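One chain is shown next in structure tokens, namely the form predicted alone.
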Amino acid sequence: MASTSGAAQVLVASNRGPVSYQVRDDGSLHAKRGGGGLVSGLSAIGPDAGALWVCSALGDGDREAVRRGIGEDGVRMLDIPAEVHADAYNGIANSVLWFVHHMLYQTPLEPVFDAEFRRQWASYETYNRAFAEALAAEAAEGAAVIVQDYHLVLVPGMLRELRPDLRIGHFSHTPWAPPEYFRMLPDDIARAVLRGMLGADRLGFLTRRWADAFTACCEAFAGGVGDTRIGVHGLGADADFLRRRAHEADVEERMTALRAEIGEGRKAIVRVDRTELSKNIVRGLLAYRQLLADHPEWRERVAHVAFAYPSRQDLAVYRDYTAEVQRLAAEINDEYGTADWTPVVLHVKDDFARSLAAYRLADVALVNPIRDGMNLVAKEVPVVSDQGCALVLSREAGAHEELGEDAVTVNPYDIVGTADALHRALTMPLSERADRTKRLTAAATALPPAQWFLDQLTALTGQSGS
């Protein structure tokens, strides 16, 4: 599959790649291309840079593409056995490492690090080793390799053993747990995670807070970070793409439909999230209900436009969470709704054009995660907003480090405090809202995706001291 054996000068490794395949009814394969910061970054370094993206086959279509030898130039897709991938991705990455870094465990009952966990951890090692071996085989002498995220924390250490000549980086897109929470992991697993990461020449994090938490874990459990350099790269919004896309015809159509759902003359509190446990959608709905209880003057004058797009529905805890979001939205509508006012306008079917329409219409954006590595929604809404938008932002979002000064800050657990913040945002003078939005936009776009990737690459290859 598009192999450039031993010749790649710049390599990226991630669980999900830039393309996925579906088998059509007639047996042909349909390729769907993705976007995002890595795609922008790799395209920014130019076609002559000898770049290769190593990723995992994620579904039957991807595996069939590998079997047929079909692929994209500059992409190598690994056909890791489906059961190994499921153990590594769902069993360890999303059900253990994600939960630790987002501090999501209900500790009276979980986690349980039993024999089944150990079996899944062995699959996680196998999965990481497959990436390390592929990268070792594809990289030119002295090549730069940037490994992505919590799915592949063992790869830097494994790759360092195979190819000491390589310049290896790793970037974490999540928060990093503080030592007192990270130590929940079994001691040998905690050390394996840190040793794996410290195999890199340079580690990147979204905020200084997460970088400092990682350093603290290393000092507590691994004797420090050694020679590994630590950097911070706060991924920003892609303003040019967002503004262009937000004014296409399908977005205009969605705006008309949303205005009808909200109702003439009403203000809109908008949230756009995947139904991940960390996004705190349920408490956001509870805060909105508190607003309607505490401030009856907002009844029939505001609508909460809540987009809660399903995520990880193969895990029961996520299915249950999605169901609770729907149940609570229906309860609020039953309690407060009238013949011509739906208090909560809830959509659960993913629709990017509709999300952009909501961004443009929002009077208030509610971004209240329990804990988030960055949260790009907080950065995207100000960029796209037509009239300026007040941002209610959790202090536990990574984006708060850059945007907090011009947002209305909330403690994500405080329902009454969040309701008060919503009221303050709704009553903010338009001139103040516009001024804040300008400053939020400047901060949100300071490091667009292509530059975010190039800065990491430059720092890794020694052209910067960071």
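Residue indices: 1-based, along the sequence shown. The shown structure was predicted, so the numbers you read here are calculated from the model rather than taken from an experiment.
The same protein also exists as the form predicted together with a small molecule; that form is not shown, yet it is the one meant from here on.
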### Query
If you check in the model of the complex, is residue 131 within 4.5 Å of the small molecule, heavy atoms only?
no
### Message
Given that the small molecule is not shown alongside this chain, does residue 123 nevertheless sit within 4.5 Å of it in the model of the complex, heavy atom to heavy atom?
### Response
no
### Query
For residue 98, is any heavy atom within 4.5 Å of the small molecule in the model of the complex, or not?
yes
### Task
May I ask you to check whether residue 342 falls inside a 4.5 Å heavy atom distance of the small molecule in the model of the complex?
no
### Query
Non-hydrogen atoms within 4.5 angstroms of the small molecule in the model of the complex: do 267, 360 and 387 all have one?
no
### Query
Which listed residue (283, 274, 233, 229) meets the criterion of a heavy atom within 4.5 Å of the small molecule in the model of the complex?
274
### Query
Which residue among 347, 183, 173, 209 has a heavy atom within 4.5 angstroms of the small molecule in the model of the complex?
173
### Which of 71 to 79, 238 to 246, 89 to 97, 323 to 331 sits within 4.5 Å of the small molecule in the model of the complex, heavy atom basis
89 to 97
